Structures are given as C-alpha cells and as structure tokens.
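Only one chain is given next, in structure tokens, and it is the form predicted on its own.
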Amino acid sequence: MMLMNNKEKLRKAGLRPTKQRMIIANILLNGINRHFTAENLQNEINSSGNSMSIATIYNCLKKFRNCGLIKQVESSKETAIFDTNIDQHHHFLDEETGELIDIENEEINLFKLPEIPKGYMNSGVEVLIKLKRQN
C-alpha cells in the first residue's frame, strides 16, 4: 500500500493545501502521535526557519480538527491542547504541567453511561484522569 503524502491527506480531508497548512501538516502528520498547543507549534515553525502568526496557526488547527486530522483534548487549562492521535483513547492530565499522557482505550472499562439528553447523540467518550504529585 502506498503512503499518502501530506498534500494528498489535506485534499482528501477537503482542505486546500495552502503554504501555511503544508508547513503545519509536515510537522504534525508524520505518523508520530503527540500532544501540543498552538504556542508549541509556533515555536517549532519558527525554529524550522518559517514564520506564522498565532492566529493563522489557530485557524489552521481549527480546520484540521473540524475535518478529523487532529483532535482537541478538553482540559481545565486555558490553553487548548491538540492531539495527532485521532483513534479513540483517553488521557492522564498532569495538572501542574498540563502534560497529557495517553491511555489506551481498552485500559478503561465503562459499564454505565448516563442517558443522553433528548435531541443529542453520543459522539464519543473520553476519560480525563487528573494527576497531582504526592508530597
């Protein structure tokens, strides 16, 4: 099976492969799962010799998220954390550093979920286990 290049991945997801999207795709869509913020990504873009505003980065990440190329992980921090692993899985969250650690889906058993409110459907369950260092 031939691997899809990043330009093809963007087109298949319904996105035009603009220069900015290609810079981000080449960093994120390399097959290595990782968690990152827009600010982390901006630092990486700058250190690669390119330059991009934080607003442009957020716009690209929103489009990547909306078409399923990345996920946004909900957390209590004010900074959005994104994940290149789009498979169903869960996370530990280090509350002090904001670091996320993946938990495989089969490592968690959920036996009973609450009834979904009328007019809604379940679009996925993600468990976030918050961690604090012991003194």
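Residue positions are given as counts along the sequence shown, with the first one as 1. Every value quoted in this text rests on a predicted model; they were computed, and no experiment measured them.
Missing here is the form predicted together with the DNA; even so, the following discussion is about that form.
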Taking the shortest heavy atom distance, is residue 39 within 4.5 Å of the DNA in the predicted bound form?
yes
Does residue 86 reach the DNA in the predicted bound form, with heavy atoms at most 4.5 Å apart?
no
Are any of the heavy atoms in residue 52 no more than 4.5 Å from a heavy atom of the DNA in the predicted bound form?
yes
Please check if residue 58 has a heavy atom lying within 4.5 Å of any heavy atom of the DNA in the predicted bound form.
yes
Sort through 27-35, 59-67, 101-109, 87-95 and report the only stretch with a non-hydrogen atom within 4.5 Å of the DNA in the predicted bound form.
59-67
Mind listing which residues of 9-23 have a heavy atom within 4.5 Å of the DNA in the predicted bound form?
11, 16, 17, 18, 20, 21
